[in-house]
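Below you will find one chain, with nothing else, as structure tokens; this is the form predicted alone, and questions on how it binds or moves follow later.
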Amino acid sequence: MTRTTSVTFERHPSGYRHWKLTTDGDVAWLELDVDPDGGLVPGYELKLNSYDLGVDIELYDATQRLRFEHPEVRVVIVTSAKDNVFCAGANIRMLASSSHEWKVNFCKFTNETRNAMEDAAAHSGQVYVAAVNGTCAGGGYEIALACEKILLVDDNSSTVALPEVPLLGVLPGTGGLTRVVDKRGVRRDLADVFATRPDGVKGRTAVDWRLVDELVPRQGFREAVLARAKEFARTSERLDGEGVELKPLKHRYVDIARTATEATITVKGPEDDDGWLLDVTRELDDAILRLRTNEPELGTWVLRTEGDPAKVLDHERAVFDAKDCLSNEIVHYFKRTLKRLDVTSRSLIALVEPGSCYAGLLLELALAADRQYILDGPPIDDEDSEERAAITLSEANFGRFPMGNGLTRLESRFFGDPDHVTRLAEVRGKALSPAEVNELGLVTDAPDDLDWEDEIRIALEGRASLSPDALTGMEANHRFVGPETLESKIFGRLAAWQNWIFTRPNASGPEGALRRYGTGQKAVFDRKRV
């Protein structure tokens, strides 16, 4: 697959090429109508409402706008604008022609978008309902699985299916296997049958196996779906409040500097602007996505902050105290952006220097990093200054922004020592000195100003000398300690297996199932089980 330009992630409904978003009171319709000629890169046709990254970027934009711009919307109906097909899933030609890292990043982004739909239901009272009005296969069924309710047209022909294993020699890439058994509670032997038959399951059997919730007659399908959505809306717990338009990004609070092997991401704290947290979150989210997709050779990200810690804490308190829809959405958006950082396959190194503002919610950036270094001394360029680096814990660090494993970053950091986290709670609100944060285990090391530059240089050069693949595996393992959740299973266990399968000849070799799909030739498998 040839990609000649950088991928961007900013979209607006007026420019959507593949989705139609309409709202009517407390119900929104999100209709998939993929332009076959609208692939993100040349080389494949998006037949049968199949999707690529460009289609999913629009879906992500739509879910964000529904949460921020439409507080009145309580139910989102996801359906197809085409006849007899809901969605055929990820485009096979695109997958077959893509590099390994593109496939992995694509799957990661689609997973994050499906998780965001579920997050809306769990924390915003905005329930997604899949109105499956035709054949629904692979990633198409995974979109439906991300919804809280699945309504299937009862026409004796439409099916739901996960045909990846029998047809493509890979796994459903967006959490399908996990959600079938963990979320919908499908019996494991029936899940096995379902995931190994290419033709899928239809009608009453789909209901009996818990693959869908209800059947809806084809005649009057749209009216019946709307009526059910209205019923769901009446039980929604979505908070009242004003919405806010997501305007084009201005990139005021997040700067990126690059070397040959690393990117330095500097996050700036608030001044006197009320909208800082939403703006900085959008910019950080965009920076993560762009770096992750367009610049894979930058294997280390150095995280820095600049600003007044007191203003960060004041802003945080104001957002937490406001019990309205917008504040709720901002908090959960920052949570999702931190989670995106957690699952990013880059080495994350946080530098805490004089003038930084690692306080409360911004401290979560440092806690998300694989290592943290704090400068124990004056600023490097001003040895006479009395300014010193500090870290301040707040309410934000004790449950507001859980990781995918369900733990806070402090609980993950001190897993096995919950008493230590309890002791840390006692120093909330205090600006902790380099010696104190080192003693409390909140940083990896605290070099003084004489050693700082050499210590950081050695740490970064050492990182760049190691195998990127080994680092990816090691970091993912260390970041997610403790219990497993549906989310950690999808990003950990399932993604690891898929990454391995994607590189195997049985899937991606010249005679593999993924490469031979649709050619009329059967795949040739090495039958040895490894």
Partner chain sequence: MPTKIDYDAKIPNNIDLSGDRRLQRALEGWQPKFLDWWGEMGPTLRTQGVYLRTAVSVGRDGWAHFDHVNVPDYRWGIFLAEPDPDRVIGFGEHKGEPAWQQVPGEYRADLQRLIVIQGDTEPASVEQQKLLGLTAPSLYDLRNLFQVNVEEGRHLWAMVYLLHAYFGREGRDEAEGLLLRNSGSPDAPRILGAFNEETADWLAFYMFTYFTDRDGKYQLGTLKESGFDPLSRTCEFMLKEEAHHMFVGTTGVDRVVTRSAELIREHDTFDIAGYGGIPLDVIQRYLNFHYTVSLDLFGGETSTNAANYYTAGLKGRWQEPRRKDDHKLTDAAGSLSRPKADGTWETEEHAAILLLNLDLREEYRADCQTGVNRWNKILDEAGVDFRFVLPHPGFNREVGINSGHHVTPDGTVVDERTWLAGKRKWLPTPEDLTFVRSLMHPVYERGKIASWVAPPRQGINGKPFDYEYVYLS
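Not measured: the values here are computed from a predicted model. Numbering follows the first chain given and starts at 1.
Just so it is clear, the following notes concern the form predicted in complex with the partner chain, a form of the same protein that is not shown.
Chemist: Given that the partner chain is not shown alongside this chain, does P198 nevertheless sit within 4.5 Å of it in the model of the complex, heavy atom to heavy atom?
Modeler: Heavy-atom contact with the partner chain at 4.5 Å: present for P198.
Chemist: Contact between S433 and the partner chain in the model of the complex at 4.5 Å, heavy atoms?
Modeler: Flag for S433 set to no.
Chemist: Does the partner chain get within 4.5 angstroms of any non-hydrogen atom of K183 in the model of the complex?
Modeler: Close contact is absent here: in the model of the complex, K183 is far from the partner chain, nothing within 4.5 Å, heavy atoms only.
Chemist: Does any part of R218 reach within 4.5 Å of the partner chain in the model of the complex? Heavy atoms only, please.
Modeler: Looking in the model of the complex, residue contacts with the partner chain include R218, since a heavy atom lies within 4.5 Å.
Chemist: Heavy atoms within 4.5 Å of the partner chain in the model of the complex: which of the stretches 249-257, 149-157, 228-236, 121-129 has them?
Modeler: Of the options, only 149-157 has residues within 4.5 Å of the partner.
Chemist: Identify, from the list K202, R400, R74, R413, the residue with a heavy atom within 4.5 Å of the partner chain in the model of the complex.
Modeler: Contact check passes for K202.
Chemist: Check each of R409, R346, R304, R93 and return the one that places a heavy atom within 4.5 angstroms of the partner chain in the model of the complex.
Modeler: Of R409, R346, R304, R93, the residue with a heavy atom within 4.5 Å of the partner chain in the model of the complex is R93.
Chemist: Even though the chain is shown alone, can you say which residues of 496-530 have a heavy atom within 4.5 Å of the partner chain in the model of the complex?
Modeler: G518, T519, G520, Q521, K522, in sequence order.
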